[in-house]
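Two forms of the same protein chain are encoded below as structure tokens; each is given separately, as structure 1 and structure 2.
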Structure 1
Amino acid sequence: MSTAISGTLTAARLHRRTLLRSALVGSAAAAVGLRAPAVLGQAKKFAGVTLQGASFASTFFGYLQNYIPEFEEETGMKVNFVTNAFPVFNQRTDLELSTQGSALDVINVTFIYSGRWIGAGWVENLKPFVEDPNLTPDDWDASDFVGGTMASLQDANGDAHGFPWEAGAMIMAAARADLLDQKGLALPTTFDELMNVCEMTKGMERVAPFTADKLHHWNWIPYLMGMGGTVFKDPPANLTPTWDTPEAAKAADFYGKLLSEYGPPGVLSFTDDQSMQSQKTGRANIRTQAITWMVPLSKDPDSRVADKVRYGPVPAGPAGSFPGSNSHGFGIPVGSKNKEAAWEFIKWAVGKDITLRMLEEHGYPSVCRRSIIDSELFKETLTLNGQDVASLYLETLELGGKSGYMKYRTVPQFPQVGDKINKAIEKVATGQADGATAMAQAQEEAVADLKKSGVQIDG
């Protein structure tokens, strides 16, 4: 590409971004009034404050770190934001919140823990912060967040205890779709087709046909539901586990085979990032996971499969397609001693400007603000290898919201039973037990735990 053409395209993109930012951020300027410029040398409100934040690791926080120095310069506060592996963060934060400790000021309110943390009163109600004009300008626009992304972050009265940074819509990506083309195979749309594609491409160019991470209580559920199974009998009213069924056994055997026969070496210990790297380096092909981990395959400069990746919906089983759909958001622990500073950080981190920059500069796909999702820029950015991934993203979010099949995941008791699912799938994938045996044992252990916590279980 010539320098002149490149410069023209860059200018055009910057112009579109400027216009969109003006529409999103500047439309309410007249309503809130123009602010006088800060007095030169005036002390910054949060000077001397060190904000302690924590979450599980995600591409979002890798991108956000690029902008934190700007926030620190603007506010005067110092931000110490730490990320850990998903289970490590959740375990540590659950303990910290349960004691109402003051070690953390802003946290990720994890989807599967939201019912427990919000229901127990461990995370601040943010309604007073939103409604205080001295803390939140009208143009921040709390109503701009897509309704489905807010559902798990609200209490029984509908008050927000967090605001989302990720809408985790699960899709499928084939990092080496060219291998399917060589065999004359289409992207799989059903479980049977998925297994056939894995078998037909096994051994080609030393690429593992399938990959995943070790969070089986997220990754496996679409296969369980696709086979006609459920997690609980009727959540949240009836939390009796329903895993000692033919459907659950079949789903466990099916998914266990994908991991054991078609996964790369070490797949059972893979984290989210390791699984993504197996695709980006071309060592593994198909994965079903949240879109956040899929877009980097075609967007990241270090991806070796950028021109080969192809996207599609999660394949359907005999009972249909049930892609995972969740949301994670920023919240403030009740024990925080820097609540106002924490709110300042949350406003900034999920504000329209940073959300727009994440999309424009990094292609971050898991946008939660309707005004940006509806923009041409969003559709343009998520047109990947000629595919309309933006529409795929919205379809997945809407599918999860219409039937409510994800409600099992926000009941307070899910984390304690989710671990039983993880262990059961590991047993199947390592050949220690078949699906029926592993799931029946997991059912027995889950029932015992739930009874101890006072949950009524069907006889």
Structure 2
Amino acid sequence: MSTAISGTLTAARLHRRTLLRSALVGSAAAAVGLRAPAVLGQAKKFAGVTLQGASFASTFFGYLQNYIPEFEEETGMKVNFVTNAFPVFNQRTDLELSTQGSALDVINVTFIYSGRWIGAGWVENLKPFVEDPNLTPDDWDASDFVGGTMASLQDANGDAHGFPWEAGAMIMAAARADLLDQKGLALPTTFDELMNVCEMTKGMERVAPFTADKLHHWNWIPYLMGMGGTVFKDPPANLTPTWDTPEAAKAADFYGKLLSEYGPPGVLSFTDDQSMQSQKTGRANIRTQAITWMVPLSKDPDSRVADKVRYGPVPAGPAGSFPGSNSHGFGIPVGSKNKEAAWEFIKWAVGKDITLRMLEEHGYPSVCRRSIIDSELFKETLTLNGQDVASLYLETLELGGKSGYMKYRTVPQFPQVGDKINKAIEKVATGQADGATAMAQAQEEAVADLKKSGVQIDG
């Protein structure tokens, strides 16, 4: 009896999914789904291959793990996908790529390392794979990926060296918008308002008005640019840092104050997750970060702020609004010995089918495929606590893609330079130096570092 019911339910659900899928991405995607049995009939192409994959840990891979057995069943290969802490993954993969070793077959091409890895020729050009009809069916549609999300994964000729699984777009979330309401405050739209809201809500119910994680070279830049500053003079052509400016000093002081006066205890050591936890448990209020970290505030069953959270664009400074956007994509190390299998995996993991299922089953928001972003389902899924976060997401992505202010992030030297920014912001936030001193010192160190790696610096 109960099996019969659950069987019917499953069938209904499957039916609904098939309907949705055909309606949304057209018959082409349905065809991809239907092809599986045909492949099963043949000898499995990749039987005996063990694919080694690596990335930094993210919700995406938590979801993907559920689907991998199907992929293994379909292709016959075994997938061993390892996720590490963000810095650990980057550092180790950087080392591994520099040796051109064969330990890894599929990697995440981390945004800030993309210029370095692709520029040094460490990540395979995927153009031949995409163009070979035997390897990639037309309906896979490489042009479906939103332009902005591909930018960091292309080389100087525009050839793709990776395909994105995450498009990060920075938005603002006030986890405890109820506190703002109590004081009659609106969601801040400018830096001044942000500071004011923090000051007015400080100490209320022991909630910290602001929270962040320690990746300052990502979180702080919108404030730097909003104040009229830049990271480099004119990236990627001219990489002279421009941090000994009044704008940079002001931005550092501003952000340092947000952290030191309004952040929860220990905010400077927060990882992404700890920062998200501080919001989810209602112990901290406002954060400006990529959407991936904001959606769980209203979606996760254990969130205590699901009915309190409010979303908005990152506040604008005197010089305008510059929310960060980035993308992380799968690539193949040049030393890999299983490139075709790796491509099979990439094709599958960022294919329409999986992307759709992630959205449908887990509400995974950072979608990179235009055909899905434009769908009703996406809008529906990203209506969070009654607010249209989907448009917010798209606007941010487009803003970053259009004006090119994110170019600073993909220059090959950014990992070193970003480290100097992290240290400077820490110094300001802990009162070891004021913005002007810390940024001037960071400037000096960055210049020395850039010269060390052979970059021409002005004056």
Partner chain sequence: MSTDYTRTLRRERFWLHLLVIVLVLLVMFPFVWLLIMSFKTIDDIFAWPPKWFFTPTLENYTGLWQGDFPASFANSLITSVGSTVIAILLGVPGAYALSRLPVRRSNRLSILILASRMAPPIAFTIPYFLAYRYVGLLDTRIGLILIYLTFNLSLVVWLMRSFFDATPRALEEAAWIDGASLMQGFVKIILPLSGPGLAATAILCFLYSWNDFFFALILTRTEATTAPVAIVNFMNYEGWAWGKIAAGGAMVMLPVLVFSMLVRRFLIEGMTAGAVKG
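Residue 1 is the first residue of structure 1, and the numbers go on in sequence order from there. Keep in mind it's a predicted model, so treat the numbers as computed, not measured. The term rigid core refers to the most C-alpha atoms you can superpose between the two forms while keeping them within 1.5 Å.
The form predicted together with the partner chain appears here as structure 2. When the rigid core is held fixed, the Cα atom of G431 travels less than 2 angstroms between structure 1 and structure 2. After superposition on the rigid core, displacement of the C-alpha of G320 between structure 1 and structure 2 stays below 2 Å. A movement of the C-alpha atom of M227 falling short of 2 angstroms is seen between structure 1 and structure 2 when the two forms are aligned on their rigid core. In the core-superposed comparison between structure 1 and structure 2, the CA atom of K78 travels 2.8 Å.
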